[in-house]
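Single chain ahead, by itself, as structure tokens, in the form predicted on its own.
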């Protein structure tokens, strides 16, 4: 610990020096992240509510009201009239909490999920002493329903479907998963990415609370919701189920807690409210449509230079097969200032076309990509 403090100007100089080393979404060179630059109003709201903590919600009735309104608006968006929930730190916390509720409600400990599931499900199983049961994918990179059906048994606490896979943005058939979910088990949908995308696209499959068997659902406002980081949400169809994870906290203003985090950094609540209130359905629709325009532009660009795309993009995530190890291509692009990622199912270069990515940036990326390919 420093013996003496520095003056404000010197502290800010150190912070600015560190910040200059960080990449910024607004520069347009980050194509491997499912986050983006938040709306300006979302940033302002975050700052204004920086000291709020819904872990002690009785002190912050205004912030709690905002959270309740957000959950209500998300419920409307995702066809879940009467659902309950919380704003949490992100998809990982939401997924862990969903399985925690499922375990405590059912008394069972097996979780069935696709090979494409986010790593947070393995974290959840480890923390909760639950058994992960991974199911292979079809040739379309979605969960194999027939193989999933064979995994269901009397120990099944939850079945998980993904609405917008991390690697390729694919959507599992949640309706088919619903048909194999036992009456005493949970059906959880991880729509951390897809929750703010699928509702604004045409001819998309059902994935949300419109399917009666869906018990819980994860959606991340800090992704396509345009809120500040971190902001996730867990929605629960039956509010009574949340009581299964209730913890006594007698020294706080509210004597019971029903969230994984004790202290809850609740500035994200205000940020999420600001983003959703400022954009509305039409604003989000415009953002998603523009992302899809650029995504399809990138897919056409890949084909024009002789590269094969993995699948026609379902949402704004694009996989491109490489003639050599994608990790080598990733490293070459990294040297040129681009941050892309590599998928493993299948092995390919992965681009996430978030709102900060433009057609011009796609042109620049592919110009550099061709140079990298020529050098390997």
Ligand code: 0PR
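This structure is a prediction, so every number in the text was calculated from the model and none was measured. Residue numbers count along the first chain shown, from 1.
From this point on, the text means the form predicted together with the ligand, which you will not see here.
Trainee: Does the ligand come within 4.5 Å of any heavy atom of residue 118 in the model of the complex?
Mentor: It does: once the ligand is placed as it appears in the model of the complex, residue 118 has a heavy atom within 4.5 Å of it.
Trainee: Considering only heavy atoms, tell me if residue 225 and the ligand come within 4.5 Å of each other in the model of the complex.
Mentor: So residue 225 does not count as contacting the ligand.
Trainee: Indicate whether residue 32 is a 4.5 Å heavy atom neighbour of the ligand in the model of the complex.
Mentor: Yes, residue 32 lies within 4.5 Å of the ligand in the model of the complex.
Trainee: So, residue 90 and the ligand: in the model of the complex, are they within 4.5 Å at any heavy atom pair?
Mentor: Residue 90: yes, in contact with the ligand in the model of the complex.
Trainee: Do all of 114, 135 and 172 end up near the ligand in the model of the complex, with near meaning a heavy atom within 4.5 Å?
Mentor: Result no, not one residue of the spot touches the ligand.
Trainee: Counting non-hydrogen atoms within 4.5 angstroms of the ligand in the model of the complex, say which of 177, 270, 192, 235 makes the cut.
Mentor: Selected residue: 192.
Trainee: 95, 266, 215, 181: which sits within 4.5 Å of the ligand in the model of the complex by any heavy atom?
Mentor: Selected residue: 95.
Trainee: Quick one: find which of 34-42, 307-315, 323-331, 51-59 has residues within 4.5 Å of the ligand in the model of the complex by heavy atom distance.
Mentor: Heavy atoms within 4.5 Å of the ligand in the model of the complex occur in 34-42.
Trainee: Heavy atom within 4.5 Å of the ligand in the model of the complex: which residues of 349-369 meet that condition, in order?
Mentor: Contacts from 349-369: just 350.
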